[in-house]
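A lone chain, given as structure tokens: the form predicted on its own.
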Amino acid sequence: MNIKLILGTLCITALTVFGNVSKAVNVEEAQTKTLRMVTEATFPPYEYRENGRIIGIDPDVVREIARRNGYALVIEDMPFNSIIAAVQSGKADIAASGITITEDRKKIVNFSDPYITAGQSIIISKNSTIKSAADLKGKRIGVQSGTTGDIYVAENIGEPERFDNAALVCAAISSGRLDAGVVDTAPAKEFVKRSEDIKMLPEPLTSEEYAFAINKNRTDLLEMINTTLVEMKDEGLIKHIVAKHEKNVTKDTEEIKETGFWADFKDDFHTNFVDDDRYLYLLNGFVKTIEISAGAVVLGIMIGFLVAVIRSAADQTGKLKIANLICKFYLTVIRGTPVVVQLLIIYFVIFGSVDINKVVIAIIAFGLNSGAYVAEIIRSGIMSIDKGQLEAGRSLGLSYPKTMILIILPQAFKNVLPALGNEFIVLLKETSISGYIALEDLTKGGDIIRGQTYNAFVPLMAVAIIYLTVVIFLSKLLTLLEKRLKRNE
């Protein structure tokens, strides 16, 4: 096994992966000026997907604002509790996702004039004994994380259980995991229409106004949006947009039919994967997951090799002390913090003001994380090689670097290959958090389907089966590789 050949192959693969990273974005029109909007597209009728496109009250209002002012519109789907941070960091120009104005939020972003009045409502199961907000004390209450419903329940009732979106809250109520949920009124009505297991209390819990969030430094954008909102209100256009989408989601609801078990399963399969070509969310997400995983694997191996060699050289020769300290610091930080926190820091902080492809950001984040573990795996392989081989190489006149490259590293790499394979399987599954930065990977694809169909079981099971199939395939390859290595011995 030639270590130079391995490193050369890795470098070529890295260039190929980074060179073929997709740079496509969801641009509405090919214009010079671009308005970047972030939203959480599982919130009908305000934002949802239809035929692969994000639509709803908020997207339509912002589309009209962009059109009237000569902007192209780019819409990105990300978790609700990340959209304010995206605007604050400059990753987006405007957040439009049924956002309520609060004093805490006003400290970090500007808000447009309110464009609609809404509220928070209580959802319970059909057989629940809860009659009003007064009965919620001591109950298990679910909320969408980061919403005003979350804030209200935490301050006035008790600590809630937080979910990524309102659809998951309703699913938990239906399954008996929660006693009640607090959800924005308009989406709550749609969730109730689509389920026979839940209902909504008639009295809303709170009343509030929705507005768009804009970066503090974009006062010009704030003025433009407010001026256009006034025009649209005076024309009655916003009321028309609201009525259109309330009617649209109601029409979709009326098409849902209840049948027998197998017919239900067939209907669920058709609804979740065939209708509107929703299987493409999983297919495209799977491709993106493989793309991120492959890039991160290459980057992780390169970083891991470098760190392992530096640390081993420092241990064996007493040199490279400063480089060794830097490597130890890197290992401590990366292995001591969760990968999701690292991903968010790299996206919102390190590359906060840089317009860089999110796939590249994900590759960097997961590659840096994997590199720390790969480094220790390879270092353990190096240290497992008998010291006599190092001494033999030096006695033959080879320098320390040549001894490592020609004698030690090939054996070490062979010894740790199974452990490296397991690390890469773990890495594949870790990429499932890519949705936190609005990347539509495999897991996010399942979330999008769930947000459209309000069916948690079928898309989640499909995602789990795909991951399981890939892991079984990779495990089989590792087993065959281990057998071949044993035969070579």
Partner chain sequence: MENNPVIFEVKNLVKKYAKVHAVNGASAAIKKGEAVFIVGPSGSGKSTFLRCLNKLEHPTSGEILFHGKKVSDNPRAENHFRENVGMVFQHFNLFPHLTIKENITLAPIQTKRLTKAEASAVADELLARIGLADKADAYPLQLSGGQKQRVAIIRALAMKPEVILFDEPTSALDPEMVGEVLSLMNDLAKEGMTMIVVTHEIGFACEVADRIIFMDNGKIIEEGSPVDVTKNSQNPRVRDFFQKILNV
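Bear in mind that the values here come from a model prediction, so they are computed numbers and not experimental data. Positions refer to the first chain, counted from 1.
The discussion below concerns the form predicted in complex with the partner chain, not included here.
- Checked against the partner chain in the model of the complex, the residues Gln411, Asn324, Asn110, Thr206 give one hit for a heavy atom within 4.5 Å, which is Gln411.
- Between the partner chain and the residues Val354, Val341, Leu396, Ala134, the one pair within 4.5 Å by heavy atoms in the model of the complex involves Leu396.
- Annotated contacts: Lys319, Asp386 and Lys402 all touch the partner chain in the model of the complex [non-hydrogen atom within 4.5 angstroms].
- Across the options 388-396, 187-195, 226-234, 301-309, residues that bring heavy atoms within 4.5 Å of the partner chain in the model of the complex belong to 388-396.
- Contact annotation for Leu406: at least one heavy atom lies within 4.5 Å of the partner chain in the model of the complex.
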